[in-house]
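Quick setup: the structure tokens below cover two forms of a single protein chain, split into structure 1 and structure 2.
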Structure 1
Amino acid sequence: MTARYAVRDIWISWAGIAVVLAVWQAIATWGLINPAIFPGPFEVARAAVTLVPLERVLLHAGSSLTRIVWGFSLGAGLGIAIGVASGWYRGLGSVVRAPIELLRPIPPLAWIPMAIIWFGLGEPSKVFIIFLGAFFPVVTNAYKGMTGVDPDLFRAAQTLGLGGWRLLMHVALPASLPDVATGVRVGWSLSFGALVAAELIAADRGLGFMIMNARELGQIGVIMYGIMVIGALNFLTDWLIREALFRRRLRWHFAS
């Protein structure tokens, strides 16, 4: 694509965003939908500035991020470990695959009642739900990656003097990295959904709590603001993960 095309595309993209905002504002301004429950972008911005100080939002975002980082690291870490180990050792794989496959169709949110029964209403139950969101996609994709490595790569490495666990480190792991990365991204997005749900149910801080609280206060503008902050956070973190994982470590795998 030529540079001129790229510039034009950016303009079109901005125009798309502008049209959406304009239509949204128009509906609110002309009162097509009751403005009390459908504030326009300006009203949302005003609510954001006047009703919730920025440091409060940052505090909420901070506790949400802390939870998700804990749950996600545990889930992705354990998912990679089990996925890789069960893909490498066939015996282990045949033992752990069945229970994982049985538990996988249970949506993370459906664990909320049991999480509360097991861990109470505090932080551990929220971390557990987020953990589940990350664990299943990561373990499934890591296993898939490990078992899908081109056998010729192992043969090539063996004829070049590699054996044993060094085959795992230097061939199987790098070869399954693209699948692991996919699992990590899917896991991150599921973790995010689980985080919000966990915070809606029972929390006294976090972005999910912020919008739930705003609903009780009838502050629709703040709800919308909160939704957009959550969306933006998800978008940004996903972008960061993609940049960190896909562009650098996996440059060999993805289109330049």
Structure 2
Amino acid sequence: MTARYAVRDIWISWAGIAVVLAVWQAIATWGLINPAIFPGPFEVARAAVTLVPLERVLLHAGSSLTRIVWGFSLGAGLGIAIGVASGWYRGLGSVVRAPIELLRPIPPLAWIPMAIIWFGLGEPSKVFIIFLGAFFPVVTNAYKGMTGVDPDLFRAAQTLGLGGWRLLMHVALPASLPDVATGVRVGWSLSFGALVAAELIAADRGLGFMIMNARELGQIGVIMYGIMVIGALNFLTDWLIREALFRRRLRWHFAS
């Protein structure tokens, strides 16, 4: 992708965000939905400025990002390892695929009681819930990438004398990287999706805690503000991941 098209896409993305904000504000201004339960962006910004100091938001955001990084790192690391191994060793894949497919549809929220029993009310239980959000999309995409490698690549490499671990490291893994990278991005986003559920577990800080505390106080603007902060953090960090994985490491794949 040329720089001109990249800049164009950035402007289109920001224009889309501006349109959504404008429609949102119009709905609130015209009273199509009760502003008391659906405040517009100006009201949300006013509530953010008056009710939530910036340093408090940064504290909550830092706590949430720390939990997400830990949960995602564990989930993505284990997901890549199991996905690659089960895709390379078909016997292992036959064993682990059924349990993964059985557990994959269960939402992280359903695991909260077991997380409390297993890990207590501290940080490990919160990290575990986020871990679940990241693990399943990563392991699924890593497995898909490994099993979807073109057999002609293997045959060509074997004619050159590659086999065993060398075949895995120099052919299978590089060919599966686009799917692995997609799984990483999906897992990262779902880690944010599991964040609020994780911070239901006796949290005293974090963006999920801020949202739930605002609900108890009836501060609808703060709730909307917290949701927007989570979305903005996910948008920014996903862009960084996309640039690191897709634009730099996988240029050979997406340039074609």
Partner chain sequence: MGAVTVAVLLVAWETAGRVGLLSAYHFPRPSRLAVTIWDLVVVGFPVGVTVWQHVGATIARIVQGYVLAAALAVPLGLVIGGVRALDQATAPVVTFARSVATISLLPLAVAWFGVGERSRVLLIAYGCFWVILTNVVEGVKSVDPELIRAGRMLGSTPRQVFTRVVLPASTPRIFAGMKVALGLAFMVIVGVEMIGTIKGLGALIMEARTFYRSDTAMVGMIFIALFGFALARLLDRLERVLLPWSTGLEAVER
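Please read all numbers here as calculations on a predicted model, not as lab measurements. Each residue is numbered by where it sits in the sequence of structure 1, with counting from 1. Definition used throughout: the rigid core is the maximal C-alpha set that superposes within 1.5 Å between two forms.
Of the two forms shown, the form predicted alone is structure 2. Core-superposed comparison between structure 1 and structure 2: CA of A232 displaced by less than 2 Å. Taking 2 Å as the criterion, T29 counts as shifted between structure 1 and structure 2: its C-alpha moves by at least this amount when the rigid core is aligned. In the core-superposed comparison between structure 1 and structure 2, G193 has its Cα shifted by less than 2 Å.
For A45, the CA shift between structure 1 and structure 2 after superposing the rigid core equals 2.5 Å. At V19, the distance the Cα travels between structure 1 and structure 2 is 5.3 Å after the core is superposed.
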